[in-house]
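The chain below stands alone and is given as structure tokens, in the form predicted alone.
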């Protein structure tokens, strides 16, 4: 009997319940929410929407790309001829530093508050055709160093209480430009998802005196069935409570709370694990795999936050192939998230893939 199968009592006597076969819900210890898992639905025939993904044949330099070196951006600003990473304030920022303080309230039912913030874009590399999956560790380390510097700089602003670093890869995930880049949104308030994670990590530390994600990482590594890959400093796994088809949680082995706690010796290890996860994604369906990836770090509100553990989330939409994707719809929007592919089967597929990119084989 595996760790996923155990006996439960039913009205007709002892019955073997198997997480690989039977509908069940799983608790997300990091957010306090539940996800419905229906593994039997993987046999359901598909006649829904099928995407047509173009082949990834981008040039090293695109004269029409507003993120390539030397090209003009919106408003005529010219990019410098950068040779590594390039950071600039987003020309169409969702958050602005010139937002005046203020708010609105009526009857205790209508409430709004102004939101001070900054939005920046980080170009990973001058080459238009490179993604994290196709970059070497030595090319990704400057990206990691840039993240460290940006987290420290933005977090030092006393009005900015959270720094969100994230990458939307592919048109399917809303990326407006294929040039390898990410965004950084720093806000006055702590966003919804980190707020939930902060509450769960604080409650776990208060109750046990230990770190939630330290304990979770140790448990997953001991079980092994959801681990995708690892190195001396980081662990990538499909979380027990995963919602997206091939969701991945990236965890630091050492306990620290944010990019400012990342030691220099760990920067190449973070670059390595990012490349290995991205390569496996591309190899999964032999396409430039779309995903949203983001780091969850401690709030920059001046507190120490010993409860917080540095980690990142990958949320990819592809379901069965490079042409079939999964949205949050119906029951998922009205009741609770639901998935068909179990985290264990997703991890098994990802773990079995090569770490050499399919285009390089």
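Residue numbers count along the first chain shown, from 1. What you are looking at is a predicted structure, and each value in this text was computed from that prediction instead of being measured.
This protein has a second form, the form predicted together with a small molecule, left out of what is shown; the following refers to that one.
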| item | value |
| --- | --- |
| Candidate site 66, 168 and 181: all three near the small molecule in the predicted bound form by heavy atom within 4.5 Å | yes |
| Proximity of residue 196 to the small molecule in the predicted bound form, heavy atoms at 4.5 Å | no |
| Contact of residue 104 with the small molecule in the predicted bound form (heavy atom, 4.5 Å) | no |
| Any non-hydrogen atom of residue 176 within 4.5 angstroms of the small molecule in the predicted bound form | yes |
| Proximity of residue 99 to the small molecule in the predicted bound form, heavy atoms at 4.5 Å | no |
| Interface stretch in the predicted bound form with the small molecule - options 282-290, 124-132, 90-98, 142-150, non-hydrogen atom within 4.5 Å | 90-98 |
| Listed residue that, although the small molecule is not shown, lies within 4.5 Å of it in the predicted bound form (heavy atoms), from 73, 159, 253, 210 | 73 |
